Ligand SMILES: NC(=O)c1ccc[n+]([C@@H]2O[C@H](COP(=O)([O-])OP(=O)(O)OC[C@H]3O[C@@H](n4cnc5c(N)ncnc54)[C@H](OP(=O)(O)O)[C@@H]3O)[C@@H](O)[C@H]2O)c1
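There is one chain below, alone, in structure tokens, taken in the form predicted alone.
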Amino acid sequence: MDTGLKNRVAIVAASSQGIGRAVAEALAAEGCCIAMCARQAQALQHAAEQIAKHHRAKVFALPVDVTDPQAVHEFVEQTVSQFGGVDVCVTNAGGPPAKGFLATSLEDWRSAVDANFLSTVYFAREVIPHMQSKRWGRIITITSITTKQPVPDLVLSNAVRAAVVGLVRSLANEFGKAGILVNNVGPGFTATQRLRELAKRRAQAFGQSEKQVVAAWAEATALQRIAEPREVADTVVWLASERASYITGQTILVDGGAYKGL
């Protein structure tokens, strides 16, 4: 299937590991020029080198704190300088800590808003003008199943990620006439470092093994397993492609059937 992504320029945030790295890999495999960012310089550089080598891709990597609007601005400007524009922007950030409401401090709330909501605002502000000039663009946010079905002890994610969905719908409505499609991908339980951390916390809280916790999450899905990051990445590639040219303002869950609503 021709995705129409060859030689497109794709920004992927938080792409040194996990879902972000899988997305960068998948877009590189489609022939995109990749701009990667993450906070940890060493892990980011290693991931960038591996992707460039395996896919013979053009890769630009820069350590960036996505909660810093000036850093996001400079990253996007350097991407444009390197590759001549921005066609696809995948926003992503590490999930907020697992806590119940009364255990969550005001600082926790501020940090979650900065990392998981305002970072998307910062990227959108920077990339939309470049996409408008081409009358073509894809903004894809990576959030969570929590946008549709709240998860116990993830009150920060349940609340803040829902705001991202409101932003996605608003941007889709405002900029669709400029050929910019804006969608959200909501992973369910996915084999990442964050899932391992959540499993450890849940195991300690309920006197179970981490293996038992993960098994219970798998059993909650229709497919009876957790996802691999590449399965989320494949959905992002499809939304970025020409094959999804009439889809905007949507949340696509990649959850193996864990969501129980209609």
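One-based numbering along the sequence shown. Note that the coordinates shown come from a computational prediction; the quantities given were computed from them, not determined experimentally.
One more form of this protein should be noted, the form predicted together with the ligand, which is absent from this view; the next part is about it.
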| item | value |
| --- | --- |
| Candidate site 120, 173 and 248: all three near the ligand in the predicted complex by heavy atom within 4.5 Å | no |
| Residue contact check: residue 235 to the ligand in the predicted complex, 4.5 Å heavy atom | no |
| Partner proximity in the predicted complex: residue 38 to the ligand, non-hydrogen atom cutoff 4.5 Å | yes |
| Partner proximity in the predicted complex: residue 142 to the ligand, non-hydrogen atom cutoff 4.5 Å | yes |
| 4.5 angstroms heavy atom contact with the ligand in the predicted complex for residue 194 | yes |
| One residue of 49, 210, 65, 228 in contact with the ligand, assessed in the predicted complex (non-hydrogen atom, 4.5 angstroms) | 65 |
| Interface stretch in the predicted complex with the ligand - options 24-32, 53-61, 199-207, 39-47, non-hydrogen atom within 4.5 Å | 39-47 |
| Contacts with the ligand in the predicted complex - residues in 156-194 whose heavy atoms fall within 4.5 Å | 161, 187, 188, 189, 190, 192, 193, 194 |
